[in-house]
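Just one chain is shown here, as structure tokens, and it is the form predicted alone.
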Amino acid sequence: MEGSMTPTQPMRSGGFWAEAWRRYRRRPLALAALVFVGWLAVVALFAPAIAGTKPVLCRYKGHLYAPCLAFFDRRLEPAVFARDRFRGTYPQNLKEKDPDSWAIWPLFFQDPYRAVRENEWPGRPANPARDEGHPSASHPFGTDQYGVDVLAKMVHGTTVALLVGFVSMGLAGTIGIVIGALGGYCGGWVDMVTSRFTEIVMCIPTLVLILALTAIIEKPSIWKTMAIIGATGWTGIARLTRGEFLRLRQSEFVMAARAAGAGPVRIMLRHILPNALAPILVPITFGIASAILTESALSFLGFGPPPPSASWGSLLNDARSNYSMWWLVVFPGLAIFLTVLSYNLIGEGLQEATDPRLREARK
């Protein structure tokens, strides 16, 4: 009997993040929002393969090329097509200049930056423009006043929206964590200087500052817009980081690390920051939604990235010239609303999954 008995093994804990993920999955809306943002990331990554007029992959004169990468950066378009004077038109030129060529085309043959011309794709008419560009089977989201397909612009605008959110808040998070960590851990005059500097930046209206800086810049671009948003959106992260470092710097594990001879930088990076990171992620998530909303507002006001950058806010700006084109308001406005709502739901889910006080209050 004794030989057949097996000792009970203690259940292993999956750690803080595994437990937080388990609690996060209990929130259906937050989980659906995470899936939606993941779907947006896939669309942004494969945007040139979803909508475009350049081949995803083609064989031309015995070599393989991926001209669609030019939608990410014009410099990525192979020089051979410029030398052979394709002028951005591939379907007919490929067959005329190399009968043995072949190509894999995007799922939706439309360009986000210009209208498709008649017979550019064999047998297809030119894109309609203005009031004639209402949604149809050929153009599910319609076209703008110049005949550019709205669905193609929204697909490529997804890349802009996600880049603005992640890059700007990556910069803001770095600045906020560094300033908050220095003030919270060092204390004294360092804390006083960083706190006063944070309060000064908080007093400046963010959108007004961004508009002023954008007006001064000679050649605005999406990267400069992201830098401005990131350089002005770190104050909330800094204050929360400072509070967490003030709370944790006198903890037993920090005192033990200090007694073992660990330096201030090592203590901050290896011991305090991992334990303070969970609540810091929440304002970063909310900040991504705010950054997308700010970029859309700038583009709507005409201060966004210049053409040919595709953005959801620029589509809303185009609608001001002709209010009868309702599709220029509905589809990009719905995309902005759903994206911002998703990030807010993710932030709320993270907050409840990582903050034990909120879980206790709900019991």
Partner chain sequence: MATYFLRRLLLGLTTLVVITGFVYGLARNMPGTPLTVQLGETDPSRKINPEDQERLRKIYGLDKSWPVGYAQWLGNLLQGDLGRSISRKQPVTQLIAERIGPSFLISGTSLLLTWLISVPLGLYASARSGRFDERASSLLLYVLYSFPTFVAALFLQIIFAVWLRGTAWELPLFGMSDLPADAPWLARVGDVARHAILPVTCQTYVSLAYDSRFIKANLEEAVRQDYIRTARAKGAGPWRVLVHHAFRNTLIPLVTLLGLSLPALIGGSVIIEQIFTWPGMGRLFFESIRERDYPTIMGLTLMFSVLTLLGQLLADMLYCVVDPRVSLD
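Residue numbers count along the first chain shown, from 1. From a predicted model like this one, the values you see are computed outputs, not experimental measurements.
From this point on, the text means the form predicted together with its partner chain, which you will not see here.
For the options 231, 190, 209, 246, the one in contact with its partner chain in the predicted complex, meaning a heavy atom within 4.5 Å, is 209. When its partner chain is considered in the predicted complex, only one residue from 123, 205, 263, 99 comes within 4.5 Å through any heavy atom, namely 205. Here the marked residues 200, 293 and 303 all reach its partner chain in the predicted complex, each with a heavy atom within 4.5 angstroms. With a 4.5 Å cutoff on heavy atoms, residue 41 does not count as touching its partner chain in the predicted complex; it lies far away.
Interface membership of residue 196, defined by any non-hydrogen atom within 4.5 Å of its partner chain in the predicted complex, is confirmed. Its partner chain is not shown here, and in the predicted complex it never comes within 4.5 Å of any heavy atom of residue 56.
A residue is said to contact a partner when one of its heavy atoms sits within 4.5 Å of a partner heavy atom; residue 66 fails this definition for its partner chain in the predicted complex, lying far away. Between 318 to 326, 31 to 39, 45 to 53, 66 to 74, the stretch whose residues reach within 4.5 angstroms of its partner chain in the predicted complex through a non-hydrogen atom is 318 to 326.
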